[in-house]
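So this one's two forms of a single chain, laid out as structure tokens and tagged structure 1 and structure 2.
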Structure 1
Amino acid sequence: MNRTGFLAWPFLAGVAALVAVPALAAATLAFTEFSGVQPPRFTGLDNFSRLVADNALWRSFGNTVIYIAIAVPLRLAAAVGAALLLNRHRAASTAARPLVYLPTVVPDVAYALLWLWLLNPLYGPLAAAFGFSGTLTDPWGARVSLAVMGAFQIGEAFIVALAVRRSIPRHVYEAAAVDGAGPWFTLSRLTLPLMAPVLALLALRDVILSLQVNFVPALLLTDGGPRYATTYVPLYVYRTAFRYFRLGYASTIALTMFVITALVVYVQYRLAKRWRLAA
């Protein structure tokens, strides 16, 4: 083993202890009936049969897909948009960059409570300024609100997009300018295609992230409502496990979602790869 490999051991041990072992344990529990109180009882594929017929779960899955469909493009557009706007070496850009990152470092609970006030149907500023009263009581209002809320926590994607934009050589733009390219042409035919490989990676990462980050807002802002519209898979798993004492079945859901996510990411990866090759 070389010296670099040796230095990786503490990290790998941490991953093994805090991620791999619990994940393996959860995967094992997926084949049991386990309430958390009595020892797990092996039930084979019973939990998977139940899962297929669990309408509430598939409704949560549908909600999660809707969340991803709204949140991922929003977050990506916000991150790339902010990166392009704040790319130049100007004092205002330099001052604004930390502001874009700022919401990302706010603790999730504090951030959710801030939005609880912003979205208050009667006394919140959004209701007062724009008359949005159904943000938390209308199913689509709540879905969009939670996705919009997530669109401000884009710090890491913003940094990556900014770095990629900066890596595009200046002479490429100078050549385009000489050829008479306008701003829209430059953006659509030059900047975005050159950033595309990394954007695809960011989209991939954001899909995975979006499967997890909606738990806190769904729990604190809407409690999964209204009409289950914001009961996403993580919240459903949490309730199944810790409110209804079905830790075994909750593990089955988590394992299934892991497999589905892996498949989606793999398909997305293949598509992105084919697209890059075609480009």
Structure 2
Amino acid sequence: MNRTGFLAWPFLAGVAALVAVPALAAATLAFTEFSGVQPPRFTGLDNFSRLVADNALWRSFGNTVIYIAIAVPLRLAAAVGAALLLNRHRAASTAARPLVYLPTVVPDVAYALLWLWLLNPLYGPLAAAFGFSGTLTDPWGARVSLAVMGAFQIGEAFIVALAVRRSIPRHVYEAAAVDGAGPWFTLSRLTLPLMAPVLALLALRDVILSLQVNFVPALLLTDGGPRYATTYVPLYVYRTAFRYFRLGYASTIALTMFVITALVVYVQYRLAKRWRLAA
């Protein structure tokens, strides 16, 4: 074994202990009735039959789809916009890049509590300055507010978008300028089409990310409300497992979401392979 492989063993051991073993245990519990107190009881596919008829689960899945439909375009637009702006003004790029990345490294709980203060309908600064009193008490206000929160955590997508923009040869823009192309034509007909393959992968990556990052804001800011408008699938799984002590059924939901995520990753792989062959 070479030196690099030897140094990777602590990381691989951590992944096995913290990811692989719990995932295997959850996959096993998905076929059982388990309360966390009594021993698991094998029930076969009963949990999957219950999943199909669970209206509360489908409502949480619909809420998750709405979150993705709002958050993913916002995150992608913010990442691409910041990348294009800082690529154009390279003198300010060195100082601004850490500021763009900063919300991504803030702990999720601290970030959520900051937004809880900002969006508080009674004494929050947004309510005081603009009169936004329904951001967390109205169903659609809460949905939009939680999606907007994620639009600032764009660190990885911003770095990728900036790298892709800077990889476009300069002579392409010089030729367009010679032909009299304006800024809008250059953006819509050159920059975005050339960045499109990577932007599509970033969008798929954000879809997967959105299945995870909405848990902490929904738990701390709205507790799944108002009127279950922000009860997303991760929050529903958490409540099912640790509030109602139905760990077997919660594992079934988690396994189903894992399969859906795997399908999205497979689509991403196929798209990347096709664009790679086309290139």
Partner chain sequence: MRKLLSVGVAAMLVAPLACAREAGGDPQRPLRVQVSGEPEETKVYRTMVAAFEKDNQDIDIDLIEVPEKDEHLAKLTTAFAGEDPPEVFLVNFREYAQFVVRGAIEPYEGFLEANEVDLANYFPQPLEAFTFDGRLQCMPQNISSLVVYFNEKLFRQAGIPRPRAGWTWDQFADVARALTKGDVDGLGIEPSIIRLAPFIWSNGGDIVDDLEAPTRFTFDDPAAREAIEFIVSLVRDEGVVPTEEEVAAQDLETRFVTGKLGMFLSSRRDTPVLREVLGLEWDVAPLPVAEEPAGLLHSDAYCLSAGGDPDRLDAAARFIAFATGQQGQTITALGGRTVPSLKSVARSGAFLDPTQPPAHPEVFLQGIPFIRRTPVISTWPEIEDVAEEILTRAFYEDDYSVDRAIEELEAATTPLFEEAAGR
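Here the rigid core means the biggest group of C-alpha atoms that line up within 1.5 Å when the two forms are laid on top of each other. Structure 1's sequence is the ruler for residue numbers, which start at 1. Remember, predicted model here, so these are calculated numbers, not experimental data.
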*Working through the pair one at a time, identify the form predicted on its own and give its number.*
2
*Let me know the CA shift of residue 15 between the two structures in Å, rounded to one decimal, core fitted.*
2.9
*Displacement in Å of the C-alpha of residue 266 between the two structures, rigid core kept as reference*: 4.2
